[in-house]
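The chain below stands alone and is given as structure tokens, in the form predicted alone.
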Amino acid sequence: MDTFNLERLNFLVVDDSSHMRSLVRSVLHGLGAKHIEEATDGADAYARLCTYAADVVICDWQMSPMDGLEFVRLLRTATNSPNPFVPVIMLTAHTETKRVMEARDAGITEFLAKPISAQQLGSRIRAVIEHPRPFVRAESYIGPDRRRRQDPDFEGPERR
């Protein structure tokens, strides 16, 4: 992230493991971030977003009582959501295709497998900032456009 300055961005790190929150915080500091808040689960994160204007949320999947997927769904769909458009980077050790698709369909912006590296986290942060995907509101989905690339040969009825 050589030419990228994270000093003015607000990060919210959501994980029930204090060790993992500390690790992500250290990586963010190493990347130049100055404003980092923490939450211990999805419910805590949702409450913190009501008073803290996060620019990027970095969230674990498996937490209790509210896991990362429930948090993202609530964040994206609740009528009183503090920021349904905030980019969410999902962290998890579970990288099966089914899980990645489930997270994508819940409305996450980026996906990052544990264990993480500074380079990987930096590239995901850069992706959500430099290449924001349009936000989609459809009957069965609310979140960033799930398509990563446009297919000029697609001729279906839902072509955009």
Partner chain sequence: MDDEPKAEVITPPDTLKKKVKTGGPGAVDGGTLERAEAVIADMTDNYVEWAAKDLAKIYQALDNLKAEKKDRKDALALIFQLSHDMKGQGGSFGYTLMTILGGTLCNFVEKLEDAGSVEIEVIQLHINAMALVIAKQMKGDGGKEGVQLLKGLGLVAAKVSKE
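Computed from a predicted model, the values in this text were never measured in an experiment. Positions refer to the first chain, counted from 1.
Here the subject shifts to the form predicted in complex with the partner chain, a form of this protein not shown in this document.
Interface residue among 36, 116, 66, 49 relative to the partner chain in the predicted bound form, by the heavy atom within 4.5 Å criterion: 116. For the chain shown alone, residue 103 is not a contact residue for the partner chain in the predicted bound form, no non-hydrogen atom being within 4.5 angstroms. Within 4.5 Å of any heavy atom of the partner chain in the predicted bound form lies no heavy atom of residue 112.
Proximity of residue 87 to the partner chain in the predicted bound form falls within the 4.5 Å heavy atom cutoff. Interface residue remark: residue 56 is counted as part of the site for the partner chain in the predicted bound form, having a heavy atom within 4.5 Å.
Within 4.5 angstroms of the partner chain in the predicted bound form, the stretch 98-112 places a non-hydrogen atom from 99 alone.
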